[in-house]
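Next up is one chain by itself, shown in C-alpha cells, the form predicted on its own.
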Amino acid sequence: MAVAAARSLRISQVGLRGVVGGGLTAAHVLDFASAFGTFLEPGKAVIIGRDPRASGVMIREGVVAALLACGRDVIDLGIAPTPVIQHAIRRMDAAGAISIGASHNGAEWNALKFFGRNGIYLSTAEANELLDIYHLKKFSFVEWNQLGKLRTEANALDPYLDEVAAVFDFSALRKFRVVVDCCSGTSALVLRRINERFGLGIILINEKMQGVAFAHEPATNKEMVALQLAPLMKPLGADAGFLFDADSDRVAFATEDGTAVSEEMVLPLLADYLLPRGAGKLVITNCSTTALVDEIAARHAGEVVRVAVGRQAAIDALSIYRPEQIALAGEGTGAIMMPQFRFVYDGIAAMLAVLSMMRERGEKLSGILAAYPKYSILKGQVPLVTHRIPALLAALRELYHDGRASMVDGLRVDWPDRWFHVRVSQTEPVVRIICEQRGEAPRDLYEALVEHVRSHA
C-alpha cells in the first residue's frame, strides 16, 4: 500500500502532484502551502485559483488555511484557467500565486503549481528554496491577531481578455469557423466570454465543467484529437479545431480536412509565425521536442536553445537572455510562451496566434503544414519501479556511442536524421522514451529502446 501511494505522489521542483487520497493528502497540501507562504516576500497578497476537479474544493480549503496562517492575504479567483491566474499576479501586484489543478492528468489527480511575483513559474533556485522550507517544516506562522484575510475576485476573465485583445485582432478572426474541445475544463469559461465580448462564433464541445469524470482524458496529443475533435471538422465546416487540457495552458489542433496534428507541431508552427515578426531570434525548448523546430528557426536566421524537460529549466533559460532576444519558448506538449504575454504558458493565446497566422497568410491550416518537411515522432513510457536508471543511461550511451550524446536531462543521442531521448518524468512515476526521424518513424530504434528501458526500470 505504501509503495502504491509513493508511486501516485510526486514532490519535486515542479511542485506537488499526485492521486488524491492514495498519494496526495491534505497534510501534503497544508505543508506545501505553508512553505509557499513562508517563502514569498512579506506584505503582499497571494492569488489562488483552481480547475474544476472535485478534489479542488478540499485542496483549496487547505491552501487558504495555510496561507492565512502565515499572515498572507488571499485573493481567490475561484475556478479559473492557469494563464488567467498568472496574468492576475502583476495586475494585482501580488506576491505570487498557486494554481490548483493537474493539467493533463486524469480527474483523480491534482497538483499545486507555484508562481512568483513576476507571474511565471519559479526558477530552479526558487523551487529548491521552497522545497527546503517544505522538508524542514519551518513555517512562518503568525499570531491570531496577524492572520491574513480572504477575499474573492468575481471577474478575472475580462482583464485577461483586455490584454489578449491588445495583441490579437478579434474582429478579423470572426471570419473563421472554429471548433474547440474544452475537455470539461476551464477553457470553456474564456471561450464563452470571447464569443460574448467579441462576437466570435467558436463552437464548443465537451464544455460542461465536471470534477469527477472529464469528458475524456485531458491529454493534448494527436491520439485524443483524432478521437474527439478531428471527425467533426468536415461535418461542421470548420476552418480549424483545437483541444485544451483541463487548465488551458496546453493546446493541440486539427486541420479543416479532419487531420489530427501532432502536439509537437504547435511550437514549430508558431516559431514560423513569430520569428519573422519581431527582433527576437531565439526559440527556447527542451531536449524532447521535435527537430523540425530547428529547421524552421534556421529559415528565419533563428537559433534553438535546448534545455532539460521541465518548466523550471525553461524559466532559468529565459532569465539568461533579454526578453527582446526571445521569439518564443515552449514544449512539444502544446505548451507555448510568447514574449507579448510575459512568457506565460497560454493555450488560449497559442490558439489565437495560429488563427492570426492563417488570416495573415490567407492559407488553410493544412496548406501551411504541408509546406514543412515530414518528421515522424514516437513517444512512450515504461513504469518506474526500480532505481537502476544510472545503469540504464550508461548502457544506452555505450550501445549508441556512434551518435552525439547529451546528458543535460537523462540521455539524448543525435544522428544527422534522427534522435532519441530517454528520461525520468518529473510529474509521473515513469521513464519516458521519445524517438524522431526525418521521414518515416524510427520504429526499430524505438522498440529496441523500450526493451532496454523495461530491462532496467
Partner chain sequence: MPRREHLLKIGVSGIRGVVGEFLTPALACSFAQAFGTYVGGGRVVLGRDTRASGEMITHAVACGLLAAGCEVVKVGILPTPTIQIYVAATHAQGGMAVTASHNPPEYNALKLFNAQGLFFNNYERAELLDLYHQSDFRQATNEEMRRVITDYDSAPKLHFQKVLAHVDAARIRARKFRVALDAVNGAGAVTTPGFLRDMLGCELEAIAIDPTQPFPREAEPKAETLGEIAELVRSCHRDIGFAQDPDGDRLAVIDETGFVLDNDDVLALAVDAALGRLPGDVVVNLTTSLAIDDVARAHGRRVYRTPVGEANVVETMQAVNAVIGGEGANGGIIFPPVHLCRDSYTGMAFLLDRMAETGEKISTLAARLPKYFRRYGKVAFEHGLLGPLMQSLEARFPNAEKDRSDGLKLLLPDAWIHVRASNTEPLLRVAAEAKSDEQVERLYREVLGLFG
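Numbering follows the first chain given and starts at 1. Here the structure is a predicted model, which is why all the values come from computation and not from measurement.
Same protein, other form: the form predicted together with the partner chain, not shown, and the subject of what follows.
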Check your understanding: Within 4.5 Å of the partner chain in the model of the complex, heavy atoms considered, which of 224, 315, 358, 107?
Key -> 107
Practice item. Just give me the single entry in 58, 408, 424, 405 that has a non-hydrogen atom within 4.5 angstroms of the partner chain in the model of the complex. Key: 58
**Study point:** residue 170: touches the partner chain in the model of the complex, heavy atom cutoff 4.5 angstroms
**Key:** no
Practice item. Considering only heavy atoms, tell me if residue 278 and the partner chain come within 4.5 Å of each other in the model of the complex. Key: no
Check your understanding: Contact between residue 31 and the partner chain in the model of the complex at 4.5 Å, heavy atoms?
Key -> yes
Review point. In the model of the complex, does residue 16 have a heavy atom within 4.5 Å of the partner chain?
Key: no
Study note, to complete from the structure: Of 65-73, 390-398, 412-420, 36-44, the segment with heavy atoms within 4.5 Å of the partner chain in the model of the complex is residues 65-73
**Study point:** Contacts with the partner chain in the model of the complex - residues in 208-244 whose heavy atoms fall within 4.5 Å
**Key:** 211, 212
